[in-house]
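Shown here is one chain on its own, the form predicted alone, set out as C-alpha coordinates.
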Amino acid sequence: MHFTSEQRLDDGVLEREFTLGEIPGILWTPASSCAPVPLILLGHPPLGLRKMYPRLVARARHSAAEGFATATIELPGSGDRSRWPAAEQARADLRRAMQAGEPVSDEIVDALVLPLVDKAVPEWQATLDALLSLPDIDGPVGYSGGVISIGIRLAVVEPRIVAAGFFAGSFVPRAMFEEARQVTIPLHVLLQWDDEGNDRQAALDLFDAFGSQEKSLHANMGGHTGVPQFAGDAAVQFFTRHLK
(Lines give C-alpha, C1' and ligand atoms only; values in the text may rest on other atoms or scores of the structure.)
Protein backbone atom coordinates (compact mmCIF):
# COMPACT_ATOMS: atom_id res chain seq x y z
CA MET A 1 0.00 0.00 0.00
CA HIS A 2 1.39 3.35 -1.08
CA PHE A 3 -0.04 6.62 0.30
CA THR A 4 -0.18 9.28 -2.40
CA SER A 5 -1.68 12.24 -0.51
CA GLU A 6 -2.64 13.29 2.99
CA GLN A 7 -4.81 16.07 4.41
CA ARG A 8 -6.60 17.02 7.61
CA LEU A 9 -10.26 17.82 7.13
CA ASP A 10 -11.78 20.70 9.07
CA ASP A 11 -13.01 18.36 11.81
CA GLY A 12 -9.55 16.86 12.26
CA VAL A 13 -10.22 13.63 10.37
CA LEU A 14 -7.10 12.44 8.55
CA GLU A 15 -7.79 11.61 4.89
CA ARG A 16 -5.15 9.64 3.00
CA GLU A 17 -5.39 8.57 -0.61
CA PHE A 18 -3.56 5.36 -1.48
CA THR A 19 -2.88 2.88 -4.21
CA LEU A 20 -2.61 -0.87 -3.85
CA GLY A 21 -1.17 -2.06 -7.14
CA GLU A 22 -3.54 -0.54 -9.68
CA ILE A 23 -6.35 -0.05 -7.13
CA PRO A 24 -6.90 3.53 -5.88
CA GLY A 25 -8.54 4.07 -2.52
CA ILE A 26 -9.09 6.46 0.37
CA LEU A 27 -8.58 5.90 4.11
CA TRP A 28 -10.09 8.12 6.79
CA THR A 29 -9.04 7.91 10.45
CA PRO A 30 -10.38 9.80 13.50
CA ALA A 31 -8.78 13.03 14.63
CA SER A 32 -7.27 11.49 17.74
CA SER A 33 -7.13 8.06 19.29
CA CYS A 34 -5.00 6.51 22.00
CA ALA A 35 -5.29 3.01 20.52
CA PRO A 36 -5.88 1.29 17.18
CA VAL A 37 -9.47 1.75 16.03
CA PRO A 38 -12.02 -0.58 14.39
CA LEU A 39 -12.47 -0.38 10.63
CA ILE A 40 -15.54 -0.03 8.40
CA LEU A 41 -15.21 -0.72 4.68
CA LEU A 42 -17.37 1.71 2.69
CA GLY A 43 -19.06 0.10 -0.32
CA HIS A 44 -20.50 2.21 -3.14
CA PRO A 45 -21.91 1.80 -6.68
CA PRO A 46 -19.52 1.67 -9.67
CA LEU A 47 -19.88 5.35 -10.52
CA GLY A 48 -16.30 6.39 -9.70
CA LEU A 49 -14.73 7.60 -6.46
CA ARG A 50 -14.67 11.23 -7.58
CA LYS A 51 -18.39 11.26 -8.25
CA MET A 52 -19.15 9.39 -5.03
CA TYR A 53 -16.68 11.38 -2.89
CA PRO A 54 -19.16 13.84 -1.28
CA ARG A 55 -21.33 11.00 0.01
CA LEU A 56 -18.36 8.84 1.00
CA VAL A 57 -16.59 11.57 2.96
CA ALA A 58 -19.84 12.42 4.78
CA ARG A 59 -20.17 8.78 5.83
CA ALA A 60 -16.50 8.72 6.83
CA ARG A 61 -16.80 11.85 8.99
CA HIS A 62 -19.90 10.46 10.69
CA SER A 63 -18.11 7.21 11.47
CA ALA A 64 -14.92 8.95 12.61
CA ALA A 65 -16.92 10.94 15.16
CA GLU A 66 -17.81 7.60 16.75
CA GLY A 67 -14.21 6.37 16.72
CA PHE A 68 -14.09 4.31 13.49
CA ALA A 69 -11.60 4.31 10.64
CA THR A 70 -13.20 3.93 7.21
CA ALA A 71 -11.81 3.04 3.82
CA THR A 72 -13.02 2.63 0.27
CA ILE A 73 -11.56 1.54 -3.06
CA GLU A 74 -12.29 2.22 -6.72
CA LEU A 75 -14.23 -0.66 -8.21
CA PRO A 76 -12.96 -2.49 -11.32
CA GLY A 77 -13.71 -0.62 -14.54
CA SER A 78 -14.71 2.58 -12.71
CA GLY A 79 -13.17 6.01 -12.31
CA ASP A 80 -9.62 6.22 -13.67
CA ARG A 81 -9.16 2.45 -13.77
CA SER A 82 -8.80 0.53 -17.02
CA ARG A 83 -11.96 0.32 -19.09
CA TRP A 84 -13.93 -2.91 -18.84
CA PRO A 85 -15.84 -3.38 -22.11
CA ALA A 86 -18.05 -6.22 -20.86
CA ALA A 87 -19.20 -4.14 -17.88
CA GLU A 88 -19.84 -1.11 -20.09
CA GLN A 89 -21.94 -3.25 -22.42
CA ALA A 90 -23.93 -4.62 -19.48
CA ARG A 91 -24.60 -1.10 -18.21
CA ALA A 92 -25.67 -0.01 -21.68
CA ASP A 93 -28.07 -2.97 -21.91
CA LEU A 94 -29.50 -2.04 -18.50
CA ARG A 95 -30.04 1.60 -19.49
CA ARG A 96 -31.67 0.55 -22.73
CA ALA A 97 -34.12 -1.78 -20.98
CA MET A 98 -35.03 0.78 -18.31
CA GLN A 99 -35.48 3.64 -20.80
CA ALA A 100 -37.75 1.43 -22.89
CA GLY A 101 -39.80 0.50 -19.83
CA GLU A 102 -38.95 -3.16 -20.30
CA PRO A 103 -38.29 -5.68 -17.51
CA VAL A 104 -34.60 -6.07 -16.70
CA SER A 105 -33.79 -9.66 -17.60
CA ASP A 106 -31.86 -12.08 -15.43
CA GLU A 107 -29.24 -12.22 -18.17
CA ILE A 108 -28.60 -8.47 -17.96
CA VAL A 109 -28.43 -8.55 -14.15
CA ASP A 110 -26.03 -11.51 -14.17
CA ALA A 111 -23.76 -9.85 -16.74
CA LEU A 112 -23.81 -6.59 -14.81
CA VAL A 113 -23.20 -7.89 -11.29
CA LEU A 114 -21.61 -11.35 -11.13
CA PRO A 115 -18.31 -10.50 -12.90
CA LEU A 116 -18.05 -7.35 -10.77
CA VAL A 117 -18.42 -9.40 -7.58
CA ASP A 118 -15.82 -11.91 -8.77
CA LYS A 119 -13.30 -9.14 -9.48
CA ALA A 120 -14.04 -6.76 -6.61
CA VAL A 121 -14.15 -9.13 -3.64
CA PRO A 122 -10.51 -10.32 -3.90
CA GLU A 123 -9.45 -6.67 -4.26
CA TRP A 124 -11.37 -5.77 -1.09
CA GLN A 125 -9.67 -8.66 0.71
CA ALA A 126 -6.21 -7.55 -0.43
CA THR A 127 -7.03 -4.02 0.71
CA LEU A 128 -8.16 -5.35 4.07
CA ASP A 129 -4.85 -7.20 4.46
CA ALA A 130 -2.96 -3.95 3.88
CA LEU A 131 -5.18 -1.81 6.11
CA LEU A 132 -4.98 -4.18 9.07
CA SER A 133 -1.19 -4.05 8.88
CA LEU A 134 -1.26 -0.33 9.72
CA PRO A 135 -0.49 0.55 13.36
CA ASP A 136 -3.54 2.79 13.86
CA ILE A 137 -6.14 0.26 12.63
CA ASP A 138 -7.30 -2.96 14.21
CA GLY A 139 -10.28 -5.27 14.03
CA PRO A 140 -13.06 -5.99 14.26
CA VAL A 141 -14.15 -5.00 10.76
CA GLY A 142 -17.53 -4.04 9.31
CA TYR A 143 -18.79 -3.55 5.76
CA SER A 144 -21.25 -0.77 4.94
CA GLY A 145 -23.15 0.13 1.78
CA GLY A 146 -23.45 -1.32 -1.71
CA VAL A 147 -23.11 -2.98 -4.16
CA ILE A 148 -25.14 -5.36 -1.98
CA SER A 149 -23.96 -8.44 -3.90
CA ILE A 150 -20.34 -7.53 -3.15
CA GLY A 151 -21.25 -7.19 0.51
CA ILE A 152 -22.98 -10.58 0.49
CA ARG A 153 -19.94 -12.33 -0.99
CA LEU A 154 -17.60 -10.61 1.47
CA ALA A 155 -19.82 -11.59 4.40
CA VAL A 156 -19.62 -15.22 3.27
CA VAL A 157 -15.91 -15.54 2.46
CA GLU A 158 -14.22 -12.99 4.75
CA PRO A 159 -14.17 -14.05 8.43
CA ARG A 160 -12.63 -10.74 9.54
CA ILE A 161 -15.91 -8.95 8.71
CA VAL A 162 -18.14 -9.44 11.75
CA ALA A 163 -21.10 -7.14 10.93
CA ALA A 164 -22.53 -5.54 7.81
CA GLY A 165 -24.85 -2.71 6.89
CA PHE A 166 -26.33 -3.19 3.42
CA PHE A 167 -28.14 -0.74 1.14
CA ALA A 168 -30.87 -2.65 -0.73
CA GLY A 169 -30.69 -0.48 -3.82
CA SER A 170 -29.13 -2.52 -6.59
CA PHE A 171 -30.03 -5.42 -8.86
CA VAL A 172 -29.27 -8.82 -7.31
CA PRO A 173 -28.65 -11.96 -9.42
CA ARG A 174 -30.66 -15.01 -8.43
CA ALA A 175 -27.43 -16.86 -7.64
CA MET A 176 -26.73 -14.38 -4.83
CA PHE A 177 -29.86 -15.47 -2.97
CA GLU A 178 -28.20 -18.82 -2.27
CA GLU A 179 -25.09 -17.03 -1.00
CA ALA A 180 -27.32 -14.84 1.18
CA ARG A 181 -28.52 -17.96 2.98
CA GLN A 182 -24.90 -18.54 4.03
CA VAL A 183 -24.56 -15.11 5.65
CA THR A 184 -24.62 -15.47 9.45
CA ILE A 185 -23.16 -12.20 10.77
CA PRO A 186 -25.39 -9.44 12.22
CA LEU A 187 -27.02 -7.34 9.48
CA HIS A 188 -28.54 -3.87 9.27
CA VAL A 189 -30.36 -3.48 5.93
CA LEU A 190 -31.59 -0.12 4.62
CA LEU A 191 -34.39 -0.02 2.04
CA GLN A 192 -35.78 3.07 0.33
CA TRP A 193 -39.42 2.11 -0.13
CA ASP A 194 -39.94 4.09 -3.35
CA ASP A 195 -36.52 3.42 -4.92
CA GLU A 196 -37.17 3.91 -8.62
CA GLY A 197 -34.39 1.52 -9.67
CA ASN A 198 -34.96 -1.23 -7.15
CA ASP A 199 -37.41 -4.13 -7.12
CA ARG A 200 -38.94 -3.77 -3.66
CA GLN A 201 -40.26 -7.32 -3.51
CA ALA A 202 -36.88 -8.71 -4.55
CA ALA A 203 -35.25 -6.67 -1.77
CA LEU A 204 -37.72 -8.09 0.76
CA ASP A 205 -37.14 -11.62 -0.54
CA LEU A 206 -33.39 -11.14 -0.23
CA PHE A 207 -33.75 -9.94 3.36
CA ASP A 208 -35.81 -13.04 4.10
CA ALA A 209 -33.09 -15.24 2.57
CA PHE A 210 -30.29 -13.99 4.82
CA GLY A 211 -29.27 -16.70 7.27
CA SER A 212 -28.32 -14.31 10.09
CA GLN A 213 -29.99 -14.79 13.46
CA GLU A 214 -29.67 -11.03 14.01
CA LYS A 215 -30.92 -8.99 11.08
CA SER A 216 -33.01 -5.84 10.92
CA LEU A 217 -34.70 -4.11 7.98
CA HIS A 218 -35.02 -0.32 8.05
CA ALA A 219 -37.41 0.96 5.39
CA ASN A 220 -37.96 4.66 4.73
CA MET A 221 -40.26 6.43 2.29
CA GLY A 222 -38.50 8.07 -0.63
CA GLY A 223 -36.38 7.37 -3.68
CA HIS A 224 -32.87 6.07 -4.13
CA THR A 225 -31.10 9.29 -3.10
CA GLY A 226 -33.62 10.29 -0.42
CA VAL A 227 -32.03 8.46 2.52
CA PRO A 228 -32.84 10.46 5.68
CA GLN A 229 -30.06 11.64 7.98
CA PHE A 230 -31.33 9.60 10.90
CA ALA A 231 -30.84 6.42 8.84
CA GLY A 232 -27.11 7.09 8.92
CA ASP A 233 -27.26 7.60 12.68
CA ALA A 234 -28.94 4.21 13.10
CA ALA A 235 -26.29 2.52 10.96
CA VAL A 236 -23.45 3.97 13.04
CA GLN A 237 -25.20 2.84 16.22
CA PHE A 238 -25.40 -0.66 14.74
CA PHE A 239 -21.64 -0.73 14.14
CA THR A 240 -20.95 0.71 17.59
CA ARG A 241 -22.80 -2.25 19.10
CA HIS A 242 -20.93 -4.83 17.08
CA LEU A 243 -17.43 -3.42 16.55
CA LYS A 244 -16.74 -1.95 19.99
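In case it trips you up, residue 1 is the first one in the sequence shown, and so on. Values in this document were obtained by computation on a predicted structure and should not be read as measured data.
The same protein has a further form, the form predicted in complex with another copy of the chain, not shown here; the description that follows concerns it.
At a distance of at most 4.5 angstroms from another copy of the chain in the model of the complex, all three residues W193, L204 and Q237 contribute at least one non-hydrogen atom. None of 61-69, 38-46, 176-184, 205-213 except one has non-hydrogen atoms within 4.5 angstroms of another copy of the chain in the model of the complex; the exception is 205-213.
Contact check for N220: a non-hydrogen atom falls within 4.5 Å of another copy of the chain in the model of the complex. In the model of the complex, no heavy atom of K51 sits within 4.5 Å of another copy of the chain.
Contact annotation for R55: none of its heavy atoms lies within 4.5 Å of another copy of the chain in the model of the complex. By the criterion of a heavy atom within 4.5 Å, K244 is excluded from the residues contacting another copy of the chain in the model of the complex.
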